[in-house]
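One chain follows as structure tokens, the form predicted alone.
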């Protein structure tokens, strides 16, 4: 089984990123025969137009992944833009993708409704995502519910390409067991990420850089403490039961070990403990959870060339995995240069 996923270098990683995705990425490197994780710097151009920041954020994401447990010996970590065939496949797939399909995109509608310009990059974002997935013959893609439609688009685009460039291809027989005309591109399956991993921010909304409500994993210790102590709470007195829809309570339940989480639930619902005490414990739990990763990151920061080598080696390995599919694409479409392995 080959798994692939990517993360945009759009800023500092926060605990919502970790529990919502990265923790599971690290687990998958032991579950899959091959796992590929890329830094989606091309995708980031839809919202970030500063080359210095994109390079800085891309390096930071690599540091973060490695510090949080991604092992470059067991998984492939690389920059999206280091694979030239991705951009070429993006154009090839765009040539067969109906505009109407893209205009139905929930993400496109939501982002333009929030004021982002409706440029071609934003509209065709799912085509680039499809190229990322299909180039490597990916079997499964971990996605949240907000990205599920994009994966469905990738499956539709995959079928459209095969129907266009594979004579005799039958979408009901994609492996060609009956027609003897297997598709060049493989249709991926989703792995829907755990719904319980939705992490609230300090204001109670979903934790997101867009809302400015994050607790960053690798922020300075004083900043982390200040953010946690500023978590929004109500005026419930110490002796009274606390509302379970509180962001503070939910964060405690996510970070605390199971036995302690049960104890917190009991005292929270019975009353007798103040919000200040819970916040101090959350600071401790944060460091218990991420202390080792924060220490590893400091060591990695001291050797930036090592991170660059890991990304370079990852790109080479990713291109080797892409070669069989890409070379068939070149033969079928008549454009591009084959990858020599």
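Rigid core: the largest C-alpha set superposing within 1.5 Å between the two forms. As the structure is a prediction and not an experimental result, all values here were calculated from the model. Residue numbers count along the first chain shown, from 1.
Just so it is clear, the following notes concern the form predicted together with a small molecule, a form of the same protein that is not shown.
- Looking at the small molecule in the predicted complex, residues 64, 223 and 307 place no heavy atom within 4.5 Å of it.
- Stretch-level contact analysis of 172-180, 145-153, 262-270, 234-242 against the small molecule in the predicted complex, using heavy atoms and a 4.5 Å limit, identifies 145-153.
- Looking at residue 209, you'd find a heavy atom of it within 4.5 angstroms of the small molecule in the predicted complex.
- At least one heavy atom of residue 4 is located within 4.5 Å of the small molecule in the predicted complex.
- Taking the partner from the other structure, the small molecule in the predicted complex has a heavy atom within 4.5 Å of a heavy atom of residue 40.
- Looking at residue 21, you'd find a heavy atom of it within 4.5 angstroms of the small molecule in the predicted complex.
- Only one of the listed residues (248, 75, 141, 135) places a non-hydrogen atom within 4.5 angstroms of the small molecule in the predicted complex, and that residue is 141.
- In summary, among the residues 252, 198, 101, 122, the only one with a non-hydrogen atom within 4.5 Å of the small molecule in the predicted complex is 198.
- Relative to the superposed rigid core, the position of the CA of residue 254 differs between this form and the one not shown by 2 Å or more.
- Comparing the forms between this form and the one not shown on their rigid core, the Cα displacement of residue 215 reaches 2 Å or more.
- Core-aligned CA deviation for residue 14 between this form and the one not shown: 2 Å or greater.
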